[in-house]
Ligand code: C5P
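Take a look at this single chain, the form predicted alone, given in structure tokens.
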Amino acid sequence: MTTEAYAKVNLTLEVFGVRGDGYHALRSLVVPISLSDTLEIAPSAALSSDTGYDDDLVIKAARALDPSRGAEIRVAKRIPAGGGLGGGSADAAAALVALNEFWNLGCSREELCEIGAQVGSDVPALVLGGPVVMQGRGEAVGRVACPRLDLVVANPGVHTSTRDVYARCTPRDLAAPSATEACLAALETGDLGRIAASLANDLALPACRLHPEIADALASLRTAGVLGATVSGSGSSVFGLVESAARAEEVAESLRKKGLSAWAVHTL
């Protein structure tokens, strides 16, 4: 069995205070994009994967789904690791959905989301699929509407520590206007200028302070003339909104000439 594991960007990411379980409370508008890893699943008596990660979310997801079964899972990586695009979480989410079918378990998508919450904060959103608003530490997700958006994703080649970025973030007031609601309202209009102005990430500033390369990548996007840009997740990837797929290809090529890894993508 072969399946795609789609990366994500956060059109908004609002960070609130630390919860009783030690995680920050979040509110985020998460959308999958056309950049993906490919998972191949084959029968095996034992459970194995070739990701090479010490903290292998694919294996963790498979064991959370059914620890008694085996499978060989091979992952062809294209999503940069540690880049704020949910690569490991996307692989875990895709593994949950695919193994549920491969093993004939019959779990509902909602049940898979609950299992995914045990694996990682981004996993339930990516299991549910499509644009979602994610709240809590990531366990509460609900589908929302989002038009196709053409984006340029750029990665400066640094690996951010999510823990370190969050430690440098000043939580927002719960009573403050919701950036996520503002973005959803902009998406309803389909006005690209308004959507671009509504992009927001509370982790962008601490990520840029921790890694100036991220700030440089954002500056390169803006110099290239994107409509709006911000950081995805806790970095290090950044993304910019553009008018069309052709424009996305043009901007991505200009960034690659500057030595950045860059992709022309669209939302799914």
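A quick note: this is a predicted structure, and the numbers were derived from the prediction, not measured. So that there is no doubt, residue numbering starts at 1 and follows the sequence shown.
Below: the form predicted together with cytidine-5'-monophosphate, not depicted.
- Not one of S48, Y53 and G88 places a heavy atom within 4.5 Å of cytidine-5'-monophosphate in the predicted complex.
- Contact with cytidine-5'-monophosphate, judged by heavy atoms within 4.5 Å in the predicted complex, is confined among 168 to 176, 71 to 79, 115 to 123, 97 to 105 to 115 to 123.
- This chain is drawn without cytidine-5'-monophosphate; in the predicted complex, the residue among V226, L218, L26, L35 with a heavy atom within 4.5 Å of it is L26.
- Within 4.5 Å of some heavy atom of cytidine-5'-monophosphate in the predicted complex lies at least one heavy atom of T162.
- Shown alone here, R137 lies within 4.5 Å of cytidine-5'-monophosphate in the predicted complex, counting heavy atoms only.
- The closest heavy atom approach of G22 to cytidine-5'-monophosphate in the predicted complex falls within 4.5 Å.
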